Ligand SMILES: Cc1ncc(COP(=O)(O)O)c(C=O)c1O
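Shown below, as structure tokens, is a lone chain in the form predicted on its own; questions about how it binds or moves come after it.
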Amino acid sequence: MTVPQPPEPIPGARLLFSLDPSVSHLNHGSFGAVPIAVQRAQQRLRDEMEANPLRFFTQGLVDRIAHTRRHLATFLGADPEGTALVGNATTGAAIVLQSLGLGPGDEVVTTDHGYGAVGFSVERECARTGAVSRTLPVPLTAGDEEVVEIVRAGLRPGRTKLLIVDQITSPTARLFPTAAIVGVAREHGVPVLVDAAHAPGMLPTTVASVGADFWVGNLHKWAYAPRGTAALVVAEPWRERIQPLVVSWEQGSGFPTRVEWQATLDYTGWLAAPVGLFTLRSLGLERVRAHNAALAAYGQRVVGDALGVAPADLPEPGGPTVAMRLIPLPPGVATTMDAARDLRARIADRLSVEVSTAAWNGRGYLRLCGQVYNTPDEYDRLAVRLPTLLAQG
């Protein structure tokens, strides 16, 4: 089989970012990259804040945050009144977990594709409340129907108080059929938290179409917002139960303001986030999605070929706009998290390439992303040099 052709570059897109040109940044999914225009917008807001902090924080800031929230929620296809801005998806998950009122005998169900920090949050809340956590194994090659059936079989009505499922999995770059999973959970009376950390900006799916009780997604990855910008969307029946992790002066205002207001938090990133959406739309939202997914698919094939991975053994992401791809590493390579972190650092130091590496179920994987600032030759160079680095141990 031939390697798929890379997409045509989007003219001028690379110049929108201040990334170090001596490094190949093939890991947009971890921390994103903030366009220069967004950086400047946030700096202007910081200048405003520092010119008169008292005025900035006490005269109209709550309303400015609410206006920004409405703008971002509209982009996501979410109800603005049910949306709260938070720092990241992990924070949103922690807010949901501590608001549920878990107790002994209750359980939280996740899959083995979940994000590690969310898993830590589940463990802490279960230890605090006497609830238990249970993980459903989902094969990497499982199709949508199999995933749904695994979830269906794993729910325990009356005991399962929350199901957490990823819309796009972080360690395995899989698109899960979240709307179908939510439907099954609803049949069993089980609320669902969708961890959609990678969805905003990458996927065309709206929050409303997923239909989850709780949905949380980062805008600082694929929607070009400043880091620390995420949205927690809560279905109407749950909103009055949602409490912030830290109580502050807007506690009496109810959801979502009491979750958003954290006193002297730097809110300039949130206020600058609409400029990221403007940048995305200026490039062409569908054009960017198609470009990034096609480039990630190209990178997966050329690097996979270089490592001797047959095309049939390259994991499929499950959707045409997923801009992250997974490549199995040779047996015995990066089989633990410590080894995976060490490999990522060696690739960065020796090859000047930023990638994501993970150990999942005893196998090491390389995760590549595609973004408008990337070019096909960056993946080609990695394909040429990576086998030698791996052979060196």
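It should be emphasised that the depicted structure is a prediction, and the values quoted were computed from it without experimental measurement. Numbers for residues come from their place in the sequence shown, where the first is 1.
Just so you know, the form predicted together with the ligand exists too; it's not on screen, but the next bit is about it.
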How about Y115 - does it come within 4.5 Å of the ligand in the model of the complex, if we only consider non-hydrogen atoms? yes
Taking the shortest heavy atom distance, is N292 within 4.5 Å of the ligand in the model of the complex? no
Would A173 show up as a contact with the ligand in the model of the complex if we use heavy atoms at 4.5 Å? no
Any chance N218 has a heavy atom within 4.5 Å of the ligand in the model of the complex? yes
Assert contact_stretch over 254-262, 272-280, 120-128, 88-96 against the ligand in the model of the complex, heavy atom within 4.5 Å, equals 88-96
Work out which of V108, V151, V207, I168 lies within 4.5 Å of the ligand in the model of the complex, going by heavy atoms. I168
Contact residue in the model of the complex, chosen from V303, A197, A185, V233 - any heavy atom within 4.5 Å of the ligand: A197
Taking the ligand in the model of the complex and a 4.5 Å non-hydrogen atom cutoff, the residues of 8-45 making contact are G29, S30
